[in-house]
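Just one chain follows, in the form predicted alone, and it is written as structure tokens.
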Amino acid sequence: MPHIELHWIDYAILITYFAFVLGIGFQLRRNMRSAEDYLLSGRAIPAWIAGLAFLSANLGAQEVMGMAASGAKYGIATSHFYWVGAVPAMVFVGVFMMPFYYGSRARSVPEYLKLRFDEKTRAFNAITFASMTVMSSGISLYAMGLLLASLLGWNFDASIALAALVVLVYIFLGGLTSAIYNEVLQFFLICAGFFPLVLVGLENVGGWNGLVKQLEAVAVSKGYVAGAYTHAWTQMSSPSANPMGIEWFGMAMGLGFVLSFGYWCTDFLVVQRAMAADSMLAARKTPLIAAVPKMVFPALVTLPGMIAIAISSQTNGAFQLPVKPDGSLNYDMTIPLMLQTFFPAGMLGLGLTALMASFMSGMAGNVTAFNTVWTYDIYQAYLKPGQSDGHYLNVGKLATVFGILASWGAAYAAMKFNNIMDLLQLVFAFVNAPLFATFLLGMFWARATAHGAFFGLLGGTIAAAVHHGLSLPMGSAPGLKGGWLAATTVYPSEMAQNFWTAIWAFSVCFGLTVAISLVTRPKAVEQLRGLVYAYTEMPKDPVDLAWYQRPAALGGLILLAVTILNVIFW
């Protein structure tokens, strides 16, 4: 792909952005007086800022580039990651789960597990979550290196080193608060940078109707029915009928229930933003505020991928998606190609800055979650308890440095996949899927015991590994993508394999936890107050609060809206 040269105005926009994010870090460093200030923002963030940060923490480079890549690879079925795989779970965590997290005053998700179960369950989750955040942060770093190398011709290794250094500086100085305010900035940059790209892309393919016609031709050429790329549910009757290679049960159960609720309800990366809110009501509204823009984000990050595959299929199209050495299309290049092709000077700088912002936000979100879990749930809990607050503040800063360095190494593993979203969902299947079963039983079944939770989590994670080792996506060689035990099952796509890996992990964890809990002793009722639904008084909304501002009513309106979207694009 030919490299492009930035003009002075593009560099000016980029430099202004870098100066701004670093300035936030320098400005906030004087407020980092304690470990809680640095790692938890002192629980003083307003609801609307926490809400946008809750959304943007999940809107890193892996989502912006990965969802565009998935739009090109799978079509409009990618919208399920929002309308099925995000919004319902965001409503659930806001209405039902935040009272437990925020009310327990736990500083992290693993610490909640300690309060509900025991230390070994906390330790297991802390270690697996820390590993997951490093891998996810590495994916963001890889995406950024790919962008700079492909668009600007910069050296890949030097690009990821430079990007990691910038993130390190502003997180090291300003902690979680710096990450949150930069995530809010990133949200507006993504909207400003990608909305014009969608408009220009649609104009190139003849509007929505023209896009539908071209994607019908693409579907037919690949052996599907005409609407396979433009209907979200119609072709889910069997795996062979749609590009994602998944049937409706695998989609609804694997993504809509296990992966979705597993991520949004238990992943400390996003939960941390709500826990930083300044009140219980603000904490409950945080994921609900985030769910509103989440519903329309397929138009900004999935639609460009659909446009790209339509253009790439044209005989005289503006560009062709590049081919990787193994012969597969490099879908991760969708956004770079779109920016290169359609944006002039100035707009290119804005689009590139939006991607830079998404990368930095995604990486920073993972690093701030990592340093909190490492400091409170590993170092303070098991290595050096009873130290001063200043000591833990310094440990949190050192953990930031270590997290950045570990992410740097993880970036190179992401090079094995032609769609970074496939890799990200695989990581979630191993960590979040069994964890959701543990939380579901722990919060809503008082009989769940510590031994049941620990061995259920362990068994669910092992089940994910075994299923991954016995399965392989079609056309892949045994190795990082699976089949390292024996390829007894072949799935049509990596995503289908991920969904079923998650289903197995959740099911085994759920079953083991129930079976072991029934033969072991649960905690006393007094120890479960504030931690289990049956023994917790749910917070009451202020009497003067308007009905549409109440979490339950707002959640109901959001669910109605997302149902309508599913019907429209059925």
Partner chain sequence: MDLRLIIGRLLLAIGLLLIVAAKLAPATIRTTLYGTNLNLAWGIVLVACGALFMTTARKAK
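Numbering follows the first chain given and starts at 1. Everything quoted here is computed from the prediction, not taken from an experiment.
Separately, the form predicted in complex with the partner chain exists; it is not shown, and the next lines address it.
Stretch-level contact analysis of 502 to 510, 47 to 55, 515 to 523, 536 to 544 against the partner chain in the model of the complex, using heavy atoms and a 4.5 Å limit, identifies 47 to 55. Residue in contact with the partner chain in the model of the complex (any heavy atom within 4.5 Å), chosen from Val466, Met347, Met280, Ala241: Met347. Think of it this way: in the model of the complex, the partner chain has a heavy atom of just one of Gly475, Gly153, Pro196, Gly479 within 4.5 Å, and the residue is Pro196.
The shortest heavy atom separation between Leu560 and the partner chain in the model of the complex exceeds 4.5 Å. Residue contact check for Phe342: one or more of its heavy atoms lie within 4.5 Å of the partner chain in the model of the complex. Contact check for Leu173: every heavy atom lies farther than 4.5 Å from the partner chain in the model of the complex.
The partner chain in the model of the complex comes within 4.5 Å of a heavy atom belonging to Ala192.
Using a 4.5 Å cut-off on any heavy atom, the residues of 8 to 32 that reach the partner chain in the model of the complex are, in sequence order, Trp8, Ile9, Ala12, Ile13, Thr16, Tyr17, Phe20, Ile24, Gln27, Leu28.
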